[in-house]
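Next up: just one chain, as structure tokens, the form predicted on its own.
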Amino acid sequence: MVSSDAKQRMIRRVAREIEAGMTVNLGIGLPTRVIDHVDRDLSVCLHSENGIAGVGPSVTYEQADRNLIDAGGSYVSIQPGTAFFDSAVSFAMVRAGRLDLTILGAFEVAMNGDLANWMIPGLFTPGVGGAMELAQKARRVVIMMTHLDKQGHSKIVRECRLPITASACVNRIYTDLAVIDVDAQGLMLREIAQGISLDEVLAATEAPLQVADNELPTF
């Protein structure tokens, strides 16, 4: 079980991935929580595939306009310049490569960057949805997930066992234990979480990891 503190550290670290001027899509689940850790003074455009560009910070049920939800069904706010459009226009933006960054959740990521994030055998899932196109077309694909599944198995694997959402698409992985880059040479460990040792990260990762530095920064 991942502690709430560990999740918060991961969310805050992922928020630093977002830079001024970017158009960014935040996937369903943990990635949607990143929105509340983005610097309010940072000029970014947050995109939701149900048809919003310029999503504002999340709001409580009491504060919400019941007509304003993101792709995951969570209430959101708007800000000056927010635009609304239909799903066809929204996905035209995705397919045209207009997104600088998408932050997605995952069940598995392979050492070559393959992504599996939409189906667990034996459980009902509504379909792959927009994840397939986001993973293929965004200029940079970042994954945000727990390092281990509920059974304690590594989610960073040599080869995906679950159906693949998109092949060789992932650029970086953020987990509660580490920050890992995916490149032509495989997986490169860049940072580790506070209170976690290198040996713990290596033991929790099925796929082979290269270590970027003898003294890795922490988050």
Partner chain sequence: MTDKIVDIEAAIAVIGDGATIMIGGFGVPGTPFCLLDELVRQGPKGLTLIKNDANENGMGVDRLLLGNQVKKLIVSHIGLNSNAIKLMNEGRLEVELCPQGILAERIRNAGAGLFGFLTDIGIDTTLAQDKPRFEIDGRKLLLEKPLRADFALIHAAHADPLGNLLYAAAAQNFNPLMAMAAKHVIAETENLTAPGGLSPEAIHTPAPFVDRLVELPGLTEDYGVIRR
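None of the values given here were measured: they were computed from a predicted structure. Residue numbers count along the first chain shown, from 1.
Below: the form predicted in complex with the partner chain, not depicted.
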item	value
Per-stretch contact check against the partner chain in the predicted complex, the hit in 146 to 154, 187 to 195, 161 to 169, 31 to 39 (non-hydrogen atom, 4.5 angstroms)	161 to 169
The partner chain in the predicted complex: contacted by all of 85, 96 and 133, heavy atom 4.5 Å	yes
Residue contact check: residue 50 to the partner chain in the predicted complex, 4.5 Å heavy atom	yes
Contact test in the predicted complex: residue 208 vs the partner chain, heavy atoms, 4.5 Å	no
Residue 75: touches the partner chain in the predicted complex, heavy atom cutoff 4.5 angstroms	yes
4.5 Å heavy atom contact, residue 118 to the partner chain in the predicted complex	yes
Contacts with the partner chain in the predicted complex, stretch 2 to 28 (heavy atom within 4.5 Å)	20, 21, 23
